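Take a look at this single chain in structure tokens; it is the form predicted on its own.
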């Protein structure tokens, strides 16, 4: 492993001075589940590693009014700090109360040891197309709170992922938190994923489905991961489901999810296998949501 300098700043000002040091390769660290293996394997070669997980607010899960810096939440949003660990999200009563699809996705990440280290911000910042929490954040229509030396900004999660391992973060910026808009009572969600091994492996396909009470019916949201360069929503399937969620509509939505997918062949699975699994997992996720709605 190539040596690097390690810093643990106590304030954002100190962190941004380090993160913007000229002529240095500087990387933030939170859970380290991606950074350490990548440095060990010499795929990344930082000069400086900045441990950001103890910065104010990055470990918080809390309700906030209106969404700081965003103005997108009518009423109470849920603020989930970027350095909150997956195990904390999976267990959180606040997350499970209305945003359970994110808790399910966080609980599917790796195995227990990984979930006790991996963070939400790390899962997002790595921007792997197979990131478990990413499709859940899409259906929850999350906002990403970002901060850098130039100040704070907030963007929809739909604009955050630009490609495999590419995000909208500018040099020297970090993810501070995710803001989850409120969902009405009676909402129901499900996350389904497939991997080669239970735990300790990336998703071959991941599907998040959410139904939200709306105008006497339900507004549906459907998102996929590991089947395109970025996590994707499937608006065509959502429109079908929002018109009705009988067996025919569920099957049609699963086929539309397949049509929206563009998986690749890699060492973990073929594109053909992934396409078949998109249909099967979409059916399963949608059926689990329907079962919740009927009970």
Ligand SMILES: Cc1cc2nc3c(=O)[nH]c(=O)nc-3n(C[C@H](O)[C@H](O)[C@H](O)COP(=O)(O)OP(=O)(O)OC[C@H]3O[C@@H](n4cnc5c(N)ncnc54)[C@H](O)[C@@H]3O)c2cc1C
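Note that the coordinates shown come from a computational prediction; the quantities given were computed from them, not determined experimentally. Numbering follows the first chain given and starts at 1.
Form predicted in complex with the ligand: not shown, discussed below.
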property	result
Exercise: residue 31 in contact with the ligand in the predicted bound form, heavy atom 4.5 Å	yes
Any non-hydrogen atom of residue 114 within 4.5 angstroms of the ligand in the predicted bound form	yes
Contact label in the predicted bound form: residue 152 to the ligand, heavy atom within 4.5 Å	no
Interface membership of residue 76, the ligand in the predicted bound form, 4.5 Å heavy atom rule	no
Stretch in contact, per heavy atom within 4.5 angstroms of the ligand in the predicted bound form, of 93 to 101, 128 to 136, 210 to 218, 181 to 189	128 to 136
All of 204, 273 and 290 within 4.5 Å of the ligand in the predicted bound form, heavy atom check	no
Proximity to the ligand in the predicted bound form, single hit among 61, 35, 260, 269 (heavy atom within 4.5 Å)	35
The ligand: the contacting residue among 140, 109, 80, 157 in the predicted bound form [heavy atom, 4.5 Å]	109
Contact set, 2 to 22 vs the ligand in the predicted bound form - heavy atom within 4.5 angstroms	none
